[in-house]
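Listed next as structure tokens is one chain, alone, in the form predicted alone.
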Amino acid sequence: MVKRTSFEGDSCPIARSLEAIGDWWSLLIIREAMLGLRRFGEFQSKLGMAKNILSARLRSMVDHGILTTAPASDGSAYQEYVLTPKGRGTFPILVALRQWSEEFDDHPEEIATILVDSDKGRPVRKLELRAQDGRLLSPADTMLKPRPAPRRRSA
């Protein structure tokens, strides 16, 4: 088996995030957790993953602080997987991937669901990147610059 390159400690924030959630199984597990799944068997049944792969992904997401384990809510001896605030923070990532697919998929009519506001029942607007003053930004309107060095405290 080929060992995957680790991006832990990489200076790029995209590479660092891929270390934690960069494979499709992890994103699908997070999607299902957001939809309410909590138990190993539920994830395995819904996603059709091999148990060893699911176990490794769940362990990795717990290690990265995306999921935590909790005693089963029904009082049984099982444990459940619960999204942490860090895990719930992936919601805009999943929405962006969904919206990208809806726009560029070769067969968008085959997509079975639409994302709607649960209060009003209306489709969610497309995510937009805006400047602090409200201007809509494109890639040409952005750039990367070095992060300022942390200030040193004087003794």
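Please read all numbers here as calculations on a predicted model, not as lab measurements. One-based numbering along the sequence shown.
Form predicted together with another copy of the chain: not shown, discussed below.
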Only one of V62, I93, L37, L54 gets a heavy atom within 4.5 Å of another copy of the chain in the predicted complex. Which one? I93
Examine Q99 and determine whether its closest non-hydrogen atom to another copy of the chain in the predicted complex is within 4.5 angstroms. yes
Is G41 close enough to another copy of the chain in the predicted complex to count, meaning some heavy atom within 4.5 Å? no
Do P71 and another copy of the chain share at least one heavy atom pair within 4.5 Å in the predicted complex? no
According to a 4.5 angstroms non-hydrogen atom cut-off, is I66 in contact with another copy of the chain in the predicted complex? yes
